[in-house]
Structure formats: structure tokens, C-alpha cells
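Next up: just one chain, as C-alpha cells, the form predicted on its own.
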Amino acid sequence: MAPVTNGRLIFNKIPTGLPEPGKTTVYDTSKTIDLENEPLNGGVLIKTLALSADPYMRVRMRPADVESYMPPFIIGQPIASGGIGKVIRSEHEGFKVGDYVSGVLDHAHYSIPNIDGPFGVKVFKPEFGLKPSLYLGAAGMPAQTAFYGWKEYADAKPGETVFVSGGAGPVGSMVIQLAKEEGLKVIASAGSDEKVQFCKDVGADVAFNYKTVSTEDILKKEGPLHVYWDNVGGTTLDAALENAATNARFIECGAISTYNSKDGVVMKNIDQIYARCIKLYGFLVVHLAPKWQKEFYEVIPKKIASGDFKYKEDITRGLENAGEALREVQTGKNHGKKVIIVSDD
């Protein structure tokens, strides 16, 4: 078989604000790969089926000498994210041709990924009739983030009130459903009326569009907050501090309001952390996986398959369109978990 084109999404330029398709990232078709003879060196050759577009990826679009919690993307190299693929060749005893794998994959049609460590690819079998792409969202990393963080830090009690910012996203919508299952009153914010409706559809008692309604007014009316699940940071976090109950638990999962600007915001209510004895928990999903991953896979896929837990997927087809998918996630234009379909099989 002759070599085939191996299209890749290359990190081309560090953005100063929002990532720009064609500038920040460029779809490159200059490389080819010999699928039958490419050296594997004991590894596996993967055909990419689907890739995840996540808010945190903006953090990786930075200079290589700037430290953060995730390594930076390297200019001139493919970006990477959570992905689903199929093994087409293997020199590793743990992988056979036809296996589905999940883990961190380059944004490329074909790759030889790392198979070791917490971000290495692992074989999985889609269960209960779920399509493989769901293992990037409702049965994947975003849902794991929600499940692990909630189980570890919420200390939830029936009748308490939780506020979930970014409630229509794949993390937030899972948190809403976990909270309702445990008998909490759920307040959720989102950035459009359609997203507000989805928050209600998955169980939120109070849902509002933060672009048209005052977050402070809603929280003052519906609080105080015993738990705050924070996906956005900034002024929303400040409003939650102002309306927290004594001994509230704040679970700091993300801060998308600041990812594309380092100007910051004025935090007026930081003193409430000690005044109301608020506990703030920051976490990364990989650190909690050893404790909670087994239970997650025993519980969540079954609930999704049965319809007990709902989800929404936002599909972008074609790796050549992945740059636009990344921008949509940063600007909130996605409706549900953003997935890039690279190949159907």
C-alpha cells in the first residue's frame, strides 16, 4: 500500500486572545504515513475516530517557557486532546487490531500515541450500546471530572442548595444530575435561553441566562449556597462568595471567563472566605481518578444508556474544521459536549 496523507492540526501561533482558526491552528496535509511499514517500536498505530474540544486547551496555547498545570502545545507540532481511536497495527501485547482506545491523541488522522502513564491510551469496550464518541463526554473525561469532584468534595446533604455555573456544558450538566439525585436544590447559569432550557431538562430547579439576568440578584433570592460548582471564575465566583452559607463548599473546576484574557476582575467578596468559613477545593481530574474511576464506570454509562442521565453532543465533522470547533468552545457557541468526528470507522 502506498503512503497516505496524514492530515494534522498544527499549533501555529500563540494567540493573544481567542484562538483563531487558520492562524492559531493550521490544518496541514504535507505529511504522509505508510500504514503498513511505519516503525512502531513496540507501540501501536491508531486511526483517529473522534477528538475532544475542551476549554482547558486554551491554557496549553502559551509560550513553552510559561509554566502551568498542563504542558504547552509546541509550535509546529500537532495539538492534542482526549480522543477515541481504533488500533490498525500493534506491536504491544495489550493491544490488538480492531480494539477501541481512549486517551490523549494528536489531532491527526493517524498517530503512534503514548501508551503509558495517566494520559496514555487504554483499550476500552463501548458498553450498553453507547456510541464511542460518548466516551469523550457523557461517559468520558468531562463526566469523570463532575463525578470525581462531586464525590470527593461536595459533602452534599438533601435539602441543601448548589449553584452550578456553566450548567449546560458536559461537566455542569452532569453535576446538576448528580446533585438532584442526592436531593439538592439546584441553581444553574448558562449563556443562552436554549442552554437554560437544557439545564432545566436535566433537573435544575432554577436556571437563568447570566447575559440577560443578574447573577447577584438570582443568588440573593435563591440562596444561600451550600455548594458552588465553579466552571467560570471571575465575577460569577465573586457573586457566589457574597451569597454563600456558612461552611459552604466551593469546588473550583475551571475559569473559562479568564482563559482568553489575563486582565482579571476585581474580587469584592474575597473576605467572605474566612468570614463564612468557606472551604475551597481545587482539583484536576487525573489526581482523583485512582479513587473514583472504577465506581464511575460501574455507574454512569448504565445511567446514560437507561436514559436516567441526559446529555447533549455538539458534533463538528472533519479534522480540517477542528480549529473552528476549538474557538466555538471558547466563545460558548457549542451546545453540549463538542466532539470532532475525524472518521466514522
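This structure is a prediction, so every number in the text was calculated from the model and none was measured. Note that residue numbering follows the sequence shown and begins at 1.
Although it is not shown, the form predicted in complex with another copy of the chain is what the next lines describe.
- Of the candidate stretches 79 to 87, 159 to 167, 203 to 211, 251 to 259, only 251 to 259 contains residues with a heavy atom within 4.5 Å of another copy of the chain in the predicted bound form.
- Within this chain, D263 lines the site of another copy of the chain in the predicted bound form, having a heavy atom no more than 4.5 Å away.
- Residue contact with another copy of the chain in the predicted bound form: I273 places a heavy atom within 4.5 Å of it.
- In the predicted bound form, K294 stays away from another copy of the chain, with no heavy atom inside 4.5 Å.
- Interface residue remark: F198 is not counted as part of the site for another copy of the chain in the predicted bound form, having no heavy atom within 4.5 Å.
- Note on contacts: among L35, V26, A305, L284, the single residue with a heavy atom within 4.5 Å of another copy of the chain in the predicted bound form is L284.
- Contact with another copy of the chain in the predicted bound form, judged by any heavy atom within 4.5 Å, is made by just one of C277, V299, L40, I315: C277.
- Contact residues in stretch 47 to 75 (any heavy atom within 4.5 Å of another copy of the chain, taken in the predicted bound form) are V59, Y69.
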